[in-house]
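Quick setup: one chain, the form predicted alone, written in structure tokens, and binding and motion questions come after.
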Amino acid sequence: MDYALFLGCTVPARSLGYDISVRKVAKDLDINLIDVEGFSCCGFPTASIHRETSLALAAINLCLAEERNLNIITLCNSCTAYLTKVNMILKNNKETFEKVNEVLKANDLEFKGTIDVKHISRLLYEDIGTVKIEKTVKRSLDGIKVAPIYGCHYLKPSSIYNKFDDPEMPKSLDSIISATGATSLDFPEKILCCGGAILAIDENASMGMTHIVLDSVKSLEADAMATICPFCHLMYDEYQATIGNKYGKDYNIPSLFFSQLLGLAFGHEAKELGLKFNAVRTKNLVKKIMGGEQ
């Protein structure tokens, strides 16, 4: 299965472990991820400033995938939401479709509406399936308790995602985690905003939001958190120590991208999955997972 891999802005800059581990896991599951020259910002950051510009940015990326007849696979929740939304708008609104295509002419592009957009975790849940994931596991994560972190834009607004999962009581990420043999912890805070969206505007409020989730995960005695969004990972991993100091807490909870967790279950070594880029050390977690292998 061939797909266009859309990394967005944050993943190449601050989430190298996500990129590295996704490519490893994709190969294990017979998914061919293709890098498309010309992919750029999804357009979401400019949506509230200049709508026409944001629509054009998103449409350029969609067109580049259309030219190669490839559906887009995303790693970022915000990229997923905005590319999906714009794809839907252009397919269903003739006036906007014509205006955007007029802008695209300057780049010798034309939006036709022939491809779809999916987050990598949705692809694994819907199209690959947990049965294949289970069959690919070489190192069971039995005995490992994992707190799934969905983030905001992965499921909302549900209307643009054809309601593939319940936005209030989701199970897709839980199911993927469970397929590795790990215990996926169910807790209401798993769908809360990480606070990353307002980090540059109000750092105190942002860290306060992250603090609520970290407190809940800590109370569950989770061995790790599993994220599917680079901004969630930024808050729960890179900012974890800062937030702990602010609130007088010692969290020390490894925050892994779900693909890193899958990679460990699929038999890969930590160094192959970019775990060295994680801020919260994962050595003890990896040792627990590998048991007698080390």
Partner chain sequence: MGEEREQEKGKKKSGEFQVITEDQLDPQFKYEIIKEPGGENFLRCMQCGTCTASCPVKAIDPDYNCRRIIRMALIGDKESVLKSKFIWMCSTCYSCYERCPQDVKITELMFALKNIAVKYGYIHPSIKAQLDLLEKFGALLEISEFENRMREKYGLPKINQSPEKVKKVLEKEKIKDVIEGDS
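Numbering follows the first chain given and starts at 1. The shown structure was predicted, so the numbers you read here are calculated from the model rather than taken from an experiment.
This next part talks about the form predicted together with the partner chain, which is not shown.
Shown alone, this chain has one stretch from 142-150, 157-165, 216-224, 129-137 that lies within 4.5 Å of the partner chain in the predicted complex by heavy atoms: 157-165. Residue contact with the partner chain in the predicted complex: residue 20 places a heavy atom within 4.5 Å of it. The partner chain in the predicted complex comes within 4.5 Å of no heavy atom belonging to residue 278. The partner chain is not shown here, but in the predicted complex it comes within 4.5 Å of a heavy atom of residue 85. When contacts are judged by a 4.5 Å heavy atom cut-off, residue 27 does not count as touching the partner chain in the predicted complex. Annotation: in the predicted complex, residues 16, 53 and 212 each come within 4.5 Å of the partner chain through at least one heavy atom.
Contacts of stretch 194-211 with the partner chain in the predicted complex, defined by any heavy atom lying within 4.5 Å, are made by 197, 198, 200, 201, 202, 204, 205, 208, 209, listed in sequence order.
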